[in-house]
Ligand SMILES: Cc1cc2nc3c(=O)[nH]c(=O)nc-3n(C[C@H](O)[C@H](O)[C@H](O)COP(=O)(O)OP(=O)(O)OC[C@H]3O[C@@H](n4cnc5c(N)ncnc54)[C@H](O)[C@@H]3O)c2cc1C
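This document starts with one chain, in the form predicted on its own, laid out as C-alpha cells.
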Amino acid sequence: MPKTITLQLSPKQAADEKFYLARAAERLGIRQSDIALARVIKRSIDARQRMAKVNLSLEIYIDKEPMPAPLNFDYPAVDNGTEVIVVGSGPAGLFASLRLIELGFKPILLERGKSVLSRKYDIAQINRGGDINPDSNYAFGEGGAGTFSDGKLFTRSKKRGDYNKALQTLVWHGANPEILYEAHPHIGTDKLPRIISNICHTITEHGGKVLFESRVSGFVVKNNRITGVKVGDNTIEGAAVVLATGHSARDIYELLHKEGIAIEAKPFAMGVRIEHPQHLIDSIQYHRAERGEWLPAASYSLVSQEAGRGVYSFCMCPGGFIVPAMTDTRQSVVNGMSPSGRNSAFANSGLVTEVRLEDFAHLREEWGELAGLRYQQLFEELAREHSGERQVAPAQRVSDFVAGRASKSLPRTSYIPGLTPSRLDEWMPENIGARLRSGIATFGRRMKGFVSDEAIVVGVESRTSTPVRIPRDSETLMHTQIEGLFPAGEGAGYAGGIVSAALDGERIADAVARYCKAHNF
C-alpha cells in the first residue's frame, strides 16, 4: 500500500521535486532511490504567518509495490442508442451528455450559440465595444459561460456526486493534472476552450450529436409529458429532455412561463465587481512588499453580515481581468476571469449581497414568478444608463464609494472597453448599495489597504445565479409537472459553478436512465 505523508515547506522548497522527495524519504526512513513513484495529492498555501508555508501531501509508492492504474475513460459507441435531448452545452449539459453515453444513451446536444472558434470572433467584437450577438457572447456558445472563465473548480457540493471523477474527466480532456491536488484548483481562460472542444469531440466521436446555433423556441408536450423541442421550424424528438440552459437564458424562463410550465422566483445576489492592483492584494495576504517568484498571485474570500444580510466576495480572480458579460445592448454587466498563469497586474472579484423575495415584491403583480428576473434586468439597465456608450462601464474608486463622494478620475483597469466615473453609491438600489458600502468598510478593517484609492468598483455584477428555479422532484429529479423534463445545473437553480453543475448534470443523466428504463424507452 502507498504511504501518505504531509510536509510543510517553504514555497521554494515545494517547487523543488528533488528537495521534497529527499525530505519524504528521510521522513519515511528509506532511501530516495527506493521511491518508485511520488504523487502530489494535495497542495495548499498557509499564509497566516509572515512567512508563507506550503502544505504538500504526497502519496509514496515504494519499489516493488503495485503502481496505480492509469487514468482511462472507455466510452461506448451509442449511434443506435435511445436519443435524449440535452439543451445547453455548459458544464451540466456536457457532463450529462458524457454520462448518458456511459449509460448507453445517445445525447442530442443543442446549443443556441456557436462553436468555440466562431464564438471567439463575437467575443472580440464585444471587447472592442462592437455589437453584441445575443446568441454568441460570454454567456452563450460552446461550453456556455464556463468556456471563457477562470475555470475555478472548487465546490462545496462534493456529496452530490463523484468530485474526483469530474476532475479526472477534465484532465482526460486536456486540463493540467495539477487540478487533481490543488486546494483551490482552476484551469484558466486560455486553456478552457480547447478542453470544452475536446469534450464535444468525445460526444460526437462516440455517436452523440452536437448541434450549434440551435436555439430552442418551444416544447412539445402531450398529456403532461415532453416528447421533444422546437428549433425554428423543426421538431426534435427524444425520450427525455435535459434542460441545462444556464443562468442567463432568460428567454427559456419566459417560454416556460408562457407555456404554463411551472417555474418559481427565488432569492439570488447582485452587486459590483471590485478590482485592485494585484501587488496590493499580494502585500495584504502575504504580509510582504513583494510576493516573490515562488508564490502564486494571492486571492481572498470575504463574507460579512450587514443589516441582517450577507455581503460576500464571489468568483475571485487573482491575476485576472474584468470582461463585459451582457447578452443585450441595453445592459451593463461585468464578470471576471483569469488565465492559467494568473499573471495580470490586476485582481478582481465579484462583491455581492443577498436579494430576497421581498425586494421585488412590487413587481410580482405584473411579472409573477419572473419578478426577480425583471428586477435583475432593471438593475442592469440602470447601470447602462450610467455607463455612457457601448460597453463602457460605470465605475468609482473604492474609497469614494465607501465615503459617498464622486470620483473625479479613475485608476488603470483591466477592463478593455473602458470605464466612466459614476456615483454608484447614489443610483444603486438602497438595499444593495448601502450593504455593499458597509461590507467593503468591514473588509477594509480586516484587510488593511483593501479600501484604497487604487481600487475600483465596476457596475454591475448581476449574474451570480439565476433569480428563477425550475422545480423538480427530489427523488426522480424530474420536473414536478412535466414528465420526462429534467431541469439541470445553474440555470435550473440547482448548482453554482463548473464542478457543481457538472455533478448535477451527471446525477440528472442517471435519473434520465432510470426514467427511460422504467418506461421501456
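We number the residues from 1 along the sequence you see. Just so we're clear, the structure is a prediction, and the values are computed from it rather than from any experiment.
Missing here is the form predicted in complex with this ligand; even so, the following discussion is about that form.
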Within 4.5 Å, heavy atoms only: does residue 335 come near this ligand in the model of the complex? yes
With a 4.5 Å heavy atom cut-off, would you call residue 471 a contact of this ligand in the model of the complex? no
Are any of the heavy atoms in residue 11 no more than 4.5 Å from a heavy atom of this ligand in the model of the complex? no
I'd like to check something about residue 152: if you look in the model of the complex, is any of its heavy atoms closer than or equal to 4.5 Å to a heavy atom of this ligand? yes
With a 4.5 Å heavy atom cut-off to this ligand in the model of the complex, the contacting stretch among 443-451, 171-179, 292-300, 315-323 is 315-323
Of the residues 272, 96, 244, 393, which one places a heavy atom within 4.5 Å of this ligand in the model of the complex? 244
Just give me the single entry in 428, 249, 373, 256 that has a non-hydrogen atom within 4.5 angstroms of this ligand in the model of the complex. 249
So which residues in 171-186, when you check this ligand in the model of the complex, have a heavy atom no farther than 4.5 Å from it? none
